[in-house]
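As structure tokens, one chain now follows by itself in the form predicted alone.
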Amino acid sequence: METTNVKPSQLNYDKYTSDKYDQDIINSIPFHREIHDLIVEFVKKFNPKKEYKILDLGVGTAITSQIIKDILPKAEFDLVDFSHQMLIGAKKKMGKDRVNYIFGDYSKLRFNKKYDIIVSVIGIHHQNAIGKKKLFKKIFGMLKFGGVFVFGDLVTYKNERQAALNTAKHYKYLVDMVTDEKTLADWSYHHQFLNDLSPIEDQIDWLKKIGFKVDKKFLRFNTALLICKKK
């Protein structure tokens, strides 16, 4: 059963240069900068001299991994994406030193390492509910004891009125921020027809039942950041 609800060809990845994509993702995802500021704050608590093993699921152009690498320069990174275009963008930022690039759908790939940190920012919403549950279990199994899952994503809410209000705010941000009509058409279609959002309440419950200690660091509109520690 396929749990990833899209193919790379359906997304915006291959339409833009990585520089344009980087700007568009900030313009189309409310609080993209804010959640990354919180990630920076969190990662600064780690020892910069240690050789942490880090996995980024759905690395995109490595916006998130790059800021982590700047803070933890001795870390080793495994970067995964199912888009060749995104990996090209990631390589421009991350280079070759202590970085391994993996092409494929992370819901299907097998990983034989244990990681200190697993990151996924704005990507797991392309898994259906069954896929999210399976992936959370997979991530828990890949983490070392005491390891952390940094999970930033688009979500919805169990309360339908709350879900509708926050979706409206999300679209207003998109309309206000995008630079041209074509970009608005691309990203509004993406949000409306290609995303598979799950309620934040359900996702926190799934994570806790697996064994994570979940810290809700950020939640506004449809954007969430959870820090999940393997107990």
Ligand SMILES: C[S@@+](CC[C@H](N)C(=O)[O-])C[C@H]1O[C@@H](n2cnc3c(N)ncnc32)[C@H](O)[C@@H]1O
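Keep in mind it's a predicted model, so treat the numbers as computed, not measured. Note that residue numbering follows the sequence shown and begins at 1.
What comes next is about the form predicted together with the named molecule, which is not displayed.
- Remark: of stretches 143 to 151, 115 to 123, 156 to 164, 70 to 78, the one touching the named molecule in the predicted bound form is 115 to 123 (heavy atom within 4.5 Å).
- Although the partner is absent from this view, Y106 contacts the named molecule in the predicted bound form, with a non-hydrogen atom inside 4.5 angstroms.
- Proximity of L55 to the named molecule in the predicted bound form: non-hydrogen atoms within 4.5 Å are absent; the residue sits far from the partner.
- For the chain shown alone, Y21 is a contact residue for the named molecule in the predicted bound form, at least one non-hydrogen atom being within 4.5 angstroms.
- By the criterion of a heavy atom within 4.5 Å, F136 is excluded from the residues contacting the named molecule in the predicted bound form.
- Taken together, the three residues N128, W206 and I227 lack any non-hydrogen atom within 4.5 angstroms of the named molecule in the predicted bound form.
- Only one of the listed residues (V214, I210, L219, I25) places a non-hydrogen atom within 4.5 angstroms of the named molecule in the predicted bound form, and that residue is I25.
- Contacts between stretch 37 to 64 and the named molecule, counted in the predicted bound form as any heavy atom lying within 4.5 Å, involve G58, V59, G60, I63, T64, listed in sequence order.
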